[in-house]
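Below you'll find only one chain, the form predicted on its own, shown as structure tokens.
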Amino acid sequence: MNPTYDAVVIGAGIVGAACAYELAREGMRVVIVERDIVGGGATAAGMGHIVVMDDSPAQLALTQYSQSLWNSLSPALPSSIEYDCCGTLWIAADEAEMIEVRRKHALYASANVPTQVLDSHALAEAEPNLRKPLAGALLVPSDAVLYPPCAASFLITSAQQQGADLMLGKTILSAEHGKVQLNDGTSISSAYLVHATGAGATSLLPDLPIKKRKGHLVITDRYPGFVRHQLVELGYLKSAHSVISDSVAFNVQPRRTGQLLIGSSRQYGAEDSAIDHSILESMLKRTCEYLPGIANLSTIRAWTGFRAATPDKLPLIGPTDDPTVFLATGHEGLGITTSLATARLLADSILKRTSAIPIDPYLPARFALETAHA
């Protein structure tokens, strides 16, 4: 008996949407199964930053590759996605952090990522509402922002235009050995099953090395021009490196609507999606330390989401021990940025062809191998 589909993509967040889009483009018969709505979950709690990051060579390769794919796709994106190539300013509070600015500048140059070092005066001109004085910043003009839920919807719609089916409001009881069983009694057979449910992936695959990481976001009313670039303190990197403790960092993003999106926070071990007012207060206090005038602006909403974190801060992309089951999860705070590259690597793996970048650093088997050699 032939399978009903070539691929079942589990999850309609930004990563699942990108995988469905990529596999459907390859001519595969695809169905996307989602428990809730398109672009909900961690996608709705993402800042929408398309950013090159350099926590490791593998992270740099994946983010740079994916940013190039977003750049190629950007002319086709509808205005509702609010794609804006506003650039990122990595802000140095003092001379010690300027050393990090210069290190990043040299590293990005070696990877052919254009950057510019701004001194204190140039930074004040670029962003007049930042506190003064600050030591300087690294400008990465190729970074962009977008509105993640609409980006996921666009990719799902594009997949459907290529013939993909979409099943919403369906809870999956099991997904293995080429078969998906739904709670309504429906059974779907498929050559490949792609788990792209972020932090929820452990509900079906409990042994995955993934932990939930809770984050808070706040958005303001419309204040066009108050901020011109994505603003991130260099201390954000220290915050992102912590894998055991709660942390906050200054991260503000301008939106095409004129609103300001405020992050960022990280919490391990939090299971409740309710606002944690102590974390929120710390996050906003940190924001006001860099942007004092933001205290006079009106915020209109705060919310949370759970991101999927792995021990080495790299996603899980590729096959598992079950030859029908592939993973596209564990992206934590870089799911929006790396969604397109994840989908391309996944399609390359399924179709057994060479990828533009090596897939080895992201293969799920890396954790099994570490255990075997321990």
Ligand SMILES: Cc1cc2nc3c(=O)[nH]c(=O)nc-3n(C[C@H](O)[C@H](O)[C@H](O)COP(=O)(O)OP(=O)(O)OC[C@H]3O[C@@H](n4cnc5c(N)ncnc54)[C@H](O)[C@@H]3O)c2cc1C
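Start at 1 and count along the sequence shown; that's the residue number. Model, not experiment: these values are computed from the prediction.
The same protein also exists as the form predicted in complex with this ligand; that form is not shown, yet it is the one meant from here on.
Residues T220, H277 and L284 are none of them found to lie within 4.5 Å of this ligand in the predicted bound form, as judged by heavy atom distances. The shortest heavy atom separation between I172 and this ligand in the predicted bound form is within 4.5 Å.
This ligand is not shown here, and in the predicted bound form it never comes within 4.5 Å of any heavy atom of Y65.
Among residues of the shown chain, I10 is one whose heavy atoms approach this ligand to within 4.5 Å in the predicted bound form. By the criterion of a heavy atom within 4.5 Å, A45 is counted among the residues contacting this ligand in the predicted bound form. The contact residue chosen from A159, I210, A196, V232 relative to this ligand in the predicted bound form is A196, the criterion being a non-hydrogen atom within 4.5 angstroms. Note on contacts: among V30, L327, A341, L334, the single residue with a heavy atom within 4.5 Å of this ligand in the predicted bound form is L334. Only one segment in the set 22 to 30, 311 to 319, 344 to 352, 46 to 54 has residues whose heavy atoms sit within 4.5 Å of this ligand in the predicted bound form; it is 46 to 54.
Although this ligand is not shown here, in the predicted bound form the stretch 6 to 39 places heavy atoms of I10, G11, A12, G13, I14, V15, G16, V33, E34, R35, D36, I37 within 4.5 Å of it, in sequence order.
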